[in-house]
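Given as structure tokens, the chain that follows is alone and in the form predicted alone.
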């Protein structure tokens, strides 16, 4: 049981970071970023290149991934989403644009890095073994702790900083925030950059554990959407809760259902459909309409 809980917390920390970036973008711009998983993959490959190929320290590789994805996110918001949102009155336009960006990034990643799975050396060697009740590699413990620290730092940043307060105001009411002097275009770009940066950081963290390949962007995006739906679309606390809930469900499912074949996600998707039929706004979201 201790092993299952530890695995769930480890997975939940990573998933919560992924969901935070997606739900922040949705809250600010009402845009479902279908390319979020591809940003995760790109962050993993950047870390692989800097740390695994160039031999620079892992922290340098992680910073390179974060900065690159933040710049990419800012550019996507400034030159793609902003003009479409201004000129189009149909929400489908942004959805189609997001899907196009996802396919474009998939093609770029495939051309640059190929289709083989890539991995990097372990950040730290060794395994924690507590009387065989808990067996956890030290690198997973380190990455889990880093993920939780980043989640807490993100919450503090959103609560205490001027930029965080502006982003929260923009998410609550875009028109009212603009009337109160918030520069909507500037903070929308900052929010999109932060969301993309979080995806890149998680990709960089997990490349040393699970590796990275060009074909996993879509499944990562699906998991991110699941977490957002569980917690409530556009709700920061809901994204964190959704991430940890999915992590625990996956950990328990892999532990209990392993003898029945790979049906863990079949059970999770079925449970999610039942849950959304009862509470379509998610755990912490407001009723729609």
Partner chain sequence: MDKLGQLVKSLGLISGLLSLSLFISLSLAQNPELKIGFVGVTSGPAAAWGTSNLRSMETRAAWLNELGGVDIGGTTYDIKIVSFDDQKDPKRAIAGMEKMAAEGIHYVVGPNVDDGAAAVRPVAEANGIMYFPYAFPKELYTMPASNAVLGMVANYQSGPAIYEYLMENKGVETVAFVAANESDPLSQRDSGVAAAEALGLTVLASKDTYQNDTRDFTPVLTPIVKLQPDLLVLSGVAPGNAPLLIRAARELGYTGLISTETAQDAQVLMEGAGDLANGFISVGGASTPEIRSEVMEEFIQRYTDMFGEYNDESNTKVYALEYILETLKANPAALDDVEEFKATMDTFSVPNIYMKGDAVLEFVGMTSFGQKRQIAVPLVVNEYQNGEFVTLFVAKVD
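The shown structure was predicted, so the numbers you read here are calculated from the model rather than taken from an experiment. Residue numbers count along the first chain shown, from 1.
The protein also exists as the form predicted together with its partner chain; that form is not presented, and the subsequent description refers to it.
Asks: Choose one stretch from 119-127, 179-187, 166-174, 150-158: the one whose residues place a heavy atom within 4.5 angstroms of its partner chain in the predicted complex.
Replies: Of the stretches listed, the one contacting the partner is 119-127.
Asks: Indicate whether residue 216 is a 4.5 Å heavy atom neighbour of its partner chain in the predicted complex.
Replies: Residue 216: contacts its partner chain in the predicted complex.
Asks: Is residue 209 close to its partner chain in the predicted complex, meaning a heavy atom pair under 4.5 Å apart or at it?
Replies: Close contact exists here: in the predicted complex, residue 209 approaches its partner chain to within 4.5 Å, heavy atoms only.
Asks: Using the partner position in the predicted complex, report whether residue 141 sits within 4.5 Å of its partner chain, counting heavy atoms only.
Replies: Residue-level check for residue 141: no, no contact with its partner chain.
Asks: In the predicted complex, is there a heavy atom of its partner chain that lies within 4.5 Å of any heavy atom of residue 48, even though the partner is absent here?
Replies: Contact check for residue 48: yes, within 4.5 Å of its partner chain in the predicted complex.
Asks: Out of 87-116, which residues reach within 4.5 Å of its partner chain in the predicted complex, heavy atoms considered?
Replies: Residues within 4.5 Å: 110, 115, 116.
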